[in-house]
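In structure tokens, one chain follows: the form predicted alone.
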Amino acid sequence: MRIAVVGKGGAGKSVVAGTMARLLARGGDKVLALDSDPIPGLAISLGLGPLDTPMLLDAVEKDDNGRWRLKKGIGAARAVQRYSLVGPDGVRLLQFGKTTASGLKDFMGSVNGFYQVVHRLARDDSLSGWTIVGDLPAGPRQTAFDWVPYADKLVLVVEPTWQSILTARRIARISRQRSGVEVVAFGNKLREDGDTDLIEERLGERLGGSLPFDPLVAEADAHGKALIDHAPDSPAVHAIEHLIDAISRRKVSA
């Protein structure tokens, strides 16, 4: 599978993406996790702790016009092999880095390198057997600007609030402009019996899975630990297991 997890800020994207990646790896998949969110999240949800290293800085250089490009000989597979980090359960993480006290100088080189790598993933036969799970930042911007060309399934994490649902609608509309993309809505932080119906009615589509509000998610975050390590038998982990089963059975739209 090639998956990207999208939605409004705070909807729980990183927890869903990180837990999915770990569960898929435990199931025998070779998993590459891609983090294009400048806010820390996915590395923690994978069990690597907070990371701010611009991983691809050494993979890029500036051309004669001052534009960032991948160095000669660096393709998608080599970038993954050289610059990704191996985390628990063998999941490899590649991220463009987070802004630090050094400012945007190093960060922007890694960002540009990351964008070029994700556009080469589908063309690299040596990565064809890998499962990819991407974590995107809040809102529709990266979806609109083609940051997920690798994904054939978008997991749209939606809370039962108007802001979250309206953001989800916009992302779904943009995503479906690409052919061959399946959008799967996943309800999160559901507290009331009618929350599923509320989301489906306002979103205009059925949910592919849902997760009741689980205080163990916040507890794991407070400890800076991956949910799957902190509470492996929590309702949230089991719900994400069911989500994986559900989207594995879905066919990609033509």
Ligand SMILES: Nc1ncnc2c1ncn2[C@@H]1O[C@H](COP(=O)(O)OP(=O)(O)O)[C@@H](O)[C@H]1O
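All of these numbers come straight from a predicted model, not from anything done at the bench. Start at 1 with the first residue shown and count on from there.
This next part talks about the form predicted together with this ligand, which is not shown.
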Next on the checklist: So in the predicted complex, is this ligand close enough to Ala11 to count as touching (4.5 Å, heavy atoms)?
Outcome noted: yes
Next on the checklist: Please tell me whether any heavy atom belonging to Phe213 falls inside 4.5 Å of a heavy atom of this ligand, as the geometry stands in the predicted complex.
Outcome noted: yes
Next on the checklist: in the predicted complex, is there a heavy atom of this ligand that lies within 4.5 Å of any heavy atom of Met20, even though the partner is absent here?
Outcome noted: no
Checklist entry - Applying a 4.5 Å heavy atom distance criterion, does Asp221 contact this ligand in the predicted complex? => result yes
Checklist entry - When this ligand is placed as it is in the predicted complex, which of 46-54, 23-31, 188-196, 62-70 ends up with heavy atoms within 4.5 Å of it? => result 188-196
